[in-house]
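Presented as structure tokens, the chain that follows is alone, the form predicted on its own.
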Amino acid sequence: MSSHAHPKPAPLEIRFWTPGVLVLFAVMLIGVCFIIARYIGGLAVVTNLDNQHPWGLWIGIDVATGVALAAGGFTTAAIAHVFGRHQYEAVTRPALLTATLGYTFVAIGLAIDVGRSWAMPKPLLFWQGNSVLFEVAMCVVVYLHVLYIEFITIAVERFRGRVNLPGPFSILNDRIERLLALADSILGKTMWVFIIAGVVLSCMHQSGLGSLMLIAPTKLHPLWYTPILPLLFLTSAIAAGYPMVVFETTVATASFKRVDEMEVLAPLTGVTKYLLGIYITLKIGDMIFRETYVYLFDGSIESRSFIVEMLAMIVPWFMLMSPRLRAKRHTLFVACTTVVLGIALNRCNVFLIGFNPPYAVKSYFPSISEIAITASLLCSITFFYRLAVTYLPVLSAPSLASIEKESS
């Protein structure tokens, strides 16, 4: 079988419980213990947050970074289905899975971070159209439902015609089959609506996260505070979409011993060089226009972090400009991983490093509990990703073993 052939997505024939998965599960359990402590004793028991630092690691990493790096879901949907580049459909399902898991755990992270978690449904009941936070909340809620609706088609494909519940549950077989057939019929005709809605909603709340910081001109460092922060958040998320797809696909194919998707990934990152170039141009142009370059070499942690952030964008951009380097799996992976880390650092810089309340009596550093819960959420995403690709038709690349068997 040629490595260029893309068979239909299928569940992986692999053993689920491995030593690595057991380690992930152990870290998840540790995080659950800290989450229970958080709900019993409150935020003060497990965090270093205070009135001057109302948000910390959970917002910077679990929410802001998680939302940005889940952008691969809507960017691949846009290029494959909206713009008709069907050759990229081989990576749309893995990207959709990553986005679904990412946004799910963003919601979980928010539920852990919000002091009064029981009040989280209130925006659904008490609308405030003048609030950016309301817009972000509504977009994330609706988009999360859109992602699950899109993912239903994968579940329908896997289980339709195969429902065989044992024992007393067998009476449900026919009913479930009818529900699956109904879902397949309806979604087959209306999926284009959800794909377009997903793209629009993502653009709205990606920029909305940047708009949140416009109300903090005295708290956010001048290197990051700018009136075009919403535009920078949107363009950086779009620029991170395809590198995140490359990162996730490369790790998955290497971990599961599948054939790599270089014939898809290399052209996909050819688009990234333009998207990343737009973001870098806006970022540098804004810095020159506002003359904030005077802070670049003042020796502060903010200046050093900003320089590292920019290098993490500019260096891989030059790498992606070279067709020869994009054609090599290792260099493409390094370039895209650097972009992903650069976008993650940008979100941490905006929400953590560059956010300094002027009247704070002490600096913020995350507690062990905060770090453990964040690690638990990251491990949970990896755990459920492996669970999904093991039992659902997500990955389409054939295994290396099957290639060797057919060639022999």
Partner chain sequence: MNISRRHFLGVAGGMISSAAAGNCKKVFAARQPKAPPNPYGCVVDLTACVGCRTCEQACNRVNHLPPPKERLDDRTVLDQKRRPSTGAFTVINSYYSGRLDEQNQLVPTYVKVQCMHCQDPACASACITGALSKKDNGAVHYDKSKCVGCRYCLVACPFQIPAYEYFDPLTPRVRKCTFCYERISMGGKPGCAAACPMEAITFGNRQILLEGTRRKITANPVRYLNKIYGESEVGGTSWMYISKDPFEKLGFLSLPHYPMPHLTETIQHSIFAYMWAPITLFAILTGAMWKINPEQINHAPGFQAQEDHI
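Numbering follows the first chain given and starts at 1. Predicted model, so just to flag it, every value in this text is computed and none were measured.
One more form of this protein, predicted in complex with its partner chain, exists but is not displayed; see below.
- Using a 4.5 angstroms threshold between heavy atoms, Ala197 counts as touching its partner chain in the predicted complex.
- Contact check for Thr292: every heavy atom lies farther than 4.5 Å from its partner chain in the predicted complex.
- Interface membership of Phe256, defined by any non-hydrogen atom within 4.5 Å of its partner chain in the predicted complex, is ruled out.
- Its partner chain is not drawn, but in the predicted complex it has a heavy atom within 4.5 Å of Ile215.
- The stretch from 93-101, 321-329, 164-172, 278-286 that comes within 4.5 Å of its partner chain in the predicted complex, counting heavy atoms only, is 93-101.
- In summary, among the residues Leu296, Met191, Val315, Val308, the only one with a non-hydrogen atom within 4.5 Å of its partner chain in the predicted complex is Met191.
- A heavy atom within 4.5 Å of its partner chain in the predicted complex is found for one listed residue only; from Thr250, Thr235, Ser211, Thr338, this is Ser211.
- The candidate spot formed by Ser300, Arg347 and Lys362 is out of contact with its partner chain in the predicted complex: none of the three has a heavy atom within 4.5 Å.
- Contacts between stretch 24-56 and its partner chain, counted in the predicted complex as any heavy atom lying within 4.5 Å, involve Arg38, Tyr39, Ile40, Gly41, Gly42, Leu43, Ala44, Leu49, Asp50, Asn51, Gln52, His53, Pro54, Trp55, listed in sequence order.
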